[in-house]
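Below, in structure tokens: the form predicted on its own, a single chain.
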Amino acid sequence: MRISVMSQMQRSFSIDLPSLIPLQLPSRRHVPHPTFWLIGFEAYLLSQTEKDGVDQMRGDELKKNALLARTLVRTTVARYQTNKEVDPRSLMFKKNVYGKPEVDWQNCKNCNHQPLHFNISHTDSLIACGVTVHVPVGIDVEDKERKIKHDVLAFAKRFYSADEVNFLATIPDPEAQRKEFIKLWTLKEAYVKALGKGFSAAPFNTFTIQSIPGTEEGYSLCKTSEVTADPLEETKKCNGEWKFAPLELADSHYAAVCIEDDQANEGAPMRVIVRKTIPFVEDQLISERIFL
């Protein structure tokens, strides 16, 4: 996954699996004002269909964020093509039957057809793009200061499973409860996005995300009907199909990454690499971690 930092504090992070091979970015270019140059250059990278879609959006801020998000996807995917000959402009995209965007590899010139998957998420101040090899990926980012208009538990009862609501109810401090609500939201949304079938196919209250006993940041997925009163039995039934990585980005956002477990890796841990980047200008390694 990848994050871009613009002068207006636009950010995006990059998380990938071990098989991805990062390519060298072009050297920094001297421009009178980097912000205006980058916005113009990003529009140059987009297809006509993408440009038309951006033009139909209302508000300069919304249009700018759309440009940044689409540029981030194009430059990130192009960087991880091992033949080093892929022009970000040449990438073509399509949507699956549920509307999730994906690369149209059959119509990609000079691509080596790596089975790359990507997903993108953004807030007003951060854009994140996750890239994986072989397996679907979902990512969600939320501002740590996101306010919840209603009572947290009342709001959770509308969207979360009974077990998740009960977990939140055990947290006495309102601020800590709000933060845990947001963290749980990122985990649940990342799973739904990795599933790639839209929210109607996996309503939030039909599955439970729960911590794995004996781990600090391990989480597993359970269908509502699979949750039991026995924690050991829960772990046995719920582990294995999906892997989760909770993150904090730029000290200002909670994020979560979800990938489908690759059976070829026989349950190997997920390695997550986070980079902060401005496409074609800056690329900085932020962290590299292992999640069970």
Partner chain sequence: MASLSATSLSFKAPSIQSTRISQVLRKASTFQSISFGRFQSSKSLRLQISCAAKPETVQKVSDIVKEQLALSADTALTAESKFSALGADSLDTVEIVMALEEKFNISVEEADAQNITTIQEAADLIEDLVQKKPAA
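For clarity, every value in this text was computed on a predicted model and none was experimentally measured. Residue numbers count along the first chain shown, from 1.
The same protein has a further form, the form predicted together with its partner chain, not shown here; the description that follows concerns it.
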Inset, instruction - Using a 4.5 Å heavy atom cut-off, state whether Gln56 contacts its partner chain in the predicted complex. - result: yes
Inset, instruction - Answer yes if any heavy atom of Glu142 is within 4.5 Å of a heavy atom of its partner chain in the predicted complex; otherwise answer no. - result: yes
Inset, instruction - Give a yes/no on whether Pro203 approaches its partner chain to within 4.5 Å in the predicted complex, heavy atoms considered. - result: yes
Inset, instruction - Spell out, yes or no, whether the shortest heavy atom distance between Glu189 and its partner chain in the predicted complex is within 4.5 Å. - result: yes
Legend entry - Proximity to its partner chain in the predicted complex (heavy atom, within 4.5 Å), stretch among 149 to 157, 125 to 133, 99 to 107, 167 to 175: 149 to 157
Inset, instruction - Run the contact test on Leu62, Trp185 and Phe199 with a 4.5 Å heavy atom cut-off to its partner chain in the predicted complex and return yes or no. - result: yes
